[in-house]
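Shown here is one chain on its own, the form predicted on its own, set out as structure tokens.
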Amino acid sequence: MLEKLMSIDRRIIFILVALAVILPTLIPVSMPISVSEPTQKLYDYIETIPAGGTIMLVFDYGPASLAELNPMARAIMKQCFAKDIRVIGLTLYAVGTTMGSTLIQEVVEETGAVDGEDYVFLGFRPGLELVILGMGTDITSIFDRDYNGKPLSEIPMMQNVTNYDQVDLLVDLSAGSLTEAWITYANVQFNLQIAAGVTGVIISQMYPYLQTGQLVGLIPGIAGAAEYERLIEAPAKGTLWINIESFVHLLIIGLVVIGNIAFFIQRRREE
């Protein structure tokens, strides 16, 4: 038995991993989810925004990161629409245009939000720092029309929104360093309150901004997405994917433990 464990066919491990992914998808098994402080802070901050308030939701990511960031965006939009908070969507990342426009339409179909009254999607403009700084003075100087080509002057929810002064919070969903650009140019220059949702690989570099108060909240990776879904009481893909990830991690830990036990027993017998 020990020899078999030490020389197990890798195809068996592949099958076990496949089962660990498939079974939680087919069988509704829910792992316990505890909400981290950074996620709770963002949720609480949005809860304090009064009805009729406005947030900017920035889709600074592409297809490679949608598994982690799409669930965050969906949960935030559902919370905002339920509280009658208006959402201005945009992106500083060219391929983020598709991410934002597609996801917004999916959430609109679920919630019944109205284009131009509950939300507007501005799309993409090149320039990064110039875009951020320009909107701080006058949004229409950068985005004179929405993604569908409609002038902002004809969009009801934008009538009284001219710059960051009328925006209660900006949430940047990012797979890279663009959150730091928003902090540098929007928070420092215009005192715009900023929160972020990021992929797992860049979570650590966001914590210093939490400590300085330059981020009012942070959704950390797919675990944070599942936490946010729990807070809004609407489990979706974030919860499903963290369950799958948890089962795979447990399988890997189990295999490592069994392998080490078998190794040490075999070595002792040889000695």
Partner chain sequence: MRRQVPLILCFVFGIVMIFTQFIPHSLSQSLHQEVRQWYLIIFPFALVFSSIALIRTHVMRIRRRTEHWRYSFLIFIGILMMVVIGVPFGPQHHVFEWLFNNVQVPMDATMFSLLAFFIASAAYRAFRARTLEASLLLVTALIVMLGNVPVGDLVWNTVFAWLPWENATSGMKQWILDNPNLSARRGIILGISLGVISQSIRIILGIERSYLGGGD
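Fair warning: this is a prediction, and the values are worked out from it, not measured in the lab. Positions refer to the first chain, counted from 1.
Beyond the structure shown, there is the form predicted together with its partner chain, which is absent from this document and is the topic of what follows.
- This chain is displayed alone, yet in the model of the complex one of 231, 236, 66, 49 has a heavy atom within 4.5 Å of its partner chain; that residue is 66.
- Interface membership of residue 4, defined by any non-hydrogen atom within 4.5 Å of its partner chain in the model of the complex, is confirmed.
- In the model of the complex, its partner chain lies farther than 4.5 Å from every heavy atom of residue 42.
- Residue contact check for residue 268: none of its heavy atoms lie within 4.5 Å of its partner chain in the model of the complex.
- For the chain shown alone, residue 242 is a contact residue for its partner chain in the model of the complex, at least one non-hydrogen atom being within 4.5 angstroms.
- Contacts of stretch 205-221 with its partner chain in the model of the complex, defined by any heavy atom lying within 4.5 Å, are made by 205, 207, 208, 211, 212, listed in sequence order.
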